[in-house]
Ligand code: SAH
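Let's start with one chain on its own, the form predicted on its own, as structure tokens.
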Amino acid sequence: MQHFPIFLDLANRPVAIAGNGPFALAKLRLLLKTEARLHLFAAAPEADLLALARLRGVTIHDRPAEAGDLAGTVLAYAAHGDDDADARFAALARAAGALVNVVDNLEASAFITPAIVDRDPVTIAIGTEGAAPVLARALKSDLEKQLPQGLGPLARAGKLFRPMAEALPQGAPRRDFWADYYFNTGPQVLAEVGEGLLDHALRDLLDQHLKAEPPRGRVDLVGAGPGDPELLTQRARRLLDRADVVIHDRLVPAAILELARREATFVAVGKEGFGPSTPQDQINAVMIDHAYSGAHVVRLKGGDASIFGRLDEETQALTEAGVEWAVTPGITAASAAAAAIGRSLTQRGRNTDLRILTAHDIDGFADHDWRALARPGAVAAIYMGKRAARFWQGRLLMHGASGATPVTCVENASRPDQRILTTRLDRLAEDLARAAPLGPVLTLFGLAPAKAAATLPALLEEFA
């Protein structure tokens, strides 16, 4: 992002607006929502601008700004609607150390003012890097409809009560208290008896939470899907939002990790075939230790936790340790890869079963029922088969599989850098080596892309 969103404290700090007419009036109306000391520089200000400034106690300078006027100014808005006048004022403000916004001139501005949804002290800022103001206004309108007006009083009472809430331990106990207040007790009290009793309700609620039993830690084993954040289940997103600790695999992309709370602890426990790996016993110990501390742990696994995710080993360890756990399924890479090429993993008259297999296990290359896989019409989704391609290619050919059997390799299925490689069994190892995929590859044995998928040259590489 070019513009980093922040909330700037303007209480009793000078902010300058220079200009006349509708541009200056719009900025004045917006800035009057703040606690800044506003200065308006406008020679012969128009009536509506002058009336509002006088009504709200704005300091009015009936002349252009001079260098000495802007000492200590935090923000400065050039709103003349005239390029020369805006440039002169902007130069003075920059020289005084102020951040400058030139209305309708993104290149000359050090910051932009977002569209704002105001439920003071709850404020939502919407920015589009100046590219789509119409879109920002539409989003603002939608949010205005969704956010109740009572959100402001709830937040104001909560803000004043925050020092009292520090009597609760940090982490889940404090979050649970605030969630109870904002989503249950607070709205109920506000609707029934009004804002005046919110402080009393907060004190009663705090007393209840202080007397409650300390929360027990738990572990949710969550499938992160193939990598596209939009393919996460709603439950997975909710669990990430509540997690104190996220223990994640190497294949979980940053875009998904960013959905977790920023305050969460992130623990990487990467595993890589034929490469460095975190021992399973160590992963189990990390989960259990954090759960014993009372944390809500999300064990985030690429794809679906139940497919080559060593799920049973982890749930057994948690059970033996007396830790509560649950499993949230995810979309597995085989489904994402099949969707990418527009094919079904099963089809009447072609294959009555589907083999899901791994090309290697903890002891090395994995053996399977190669004779059954070599039969005409067989379809298999092969995980972790990139480095073992020559091994299982040879096994299948030895057991009678046709060299012309289609094979499709999908690298980084569902992600922006997804790549589809089409070949056939007798050319697999050579073609895969030439393509040199760097990301995880899901191999679909017995399937070629559907005709519609094959028309996407940006995604498809076919080896003749």
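Residue indices: 1-based, along the sequence shown. Please read all numbers here as calculations on a predicted model, not as lab measurements.
Beyond what is shown, the protein has a form predicted in complex with S-adenosyl-L-homocysteine; the following relates to that form.
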query	finding
Among 175-183, 91-99, 380-388, 158-166, the region lying within 4.5 Å of S-adenosyl-L-homocysteine in the model of the complex by heavy atom distance	380-388
Output flag, 236, 244 and 295 jointly within 4.5 Å of S-adenosyl-L-homocysteine in the model of the complex, heavy atom basis	no
Selected contact from 333, 79, 76, 222, since only one has a non-hydrogen atom within 4.5 angstroms of S-adenosyl-L-homocysteine in the model of the complex	333
S-adenosyl-L-homocysteine contact in the model of the complex: residue 308, any heavy atom under 4.5 Å	yes
Exercise: residue 251 in contact with S-adenosyl-L-homocysteine in the model of the complex, heavy atom 4.5 Å	yes
Heavy atom of residue 16 within 4.5 Å of S-adenosyl-L-homocysteine in the model of the complex	no
Interface membership of residue 440, S-adenosyl-L-homocysteine in the model of the complex, 4.5 Å heavy atom rule	yes
Sequence-ordered residues of 282-319 touching S-adenosyl-L-homocysteine in the model of the complex, heavy atom within 4.5 Å	302, 303, 304, 307, 308
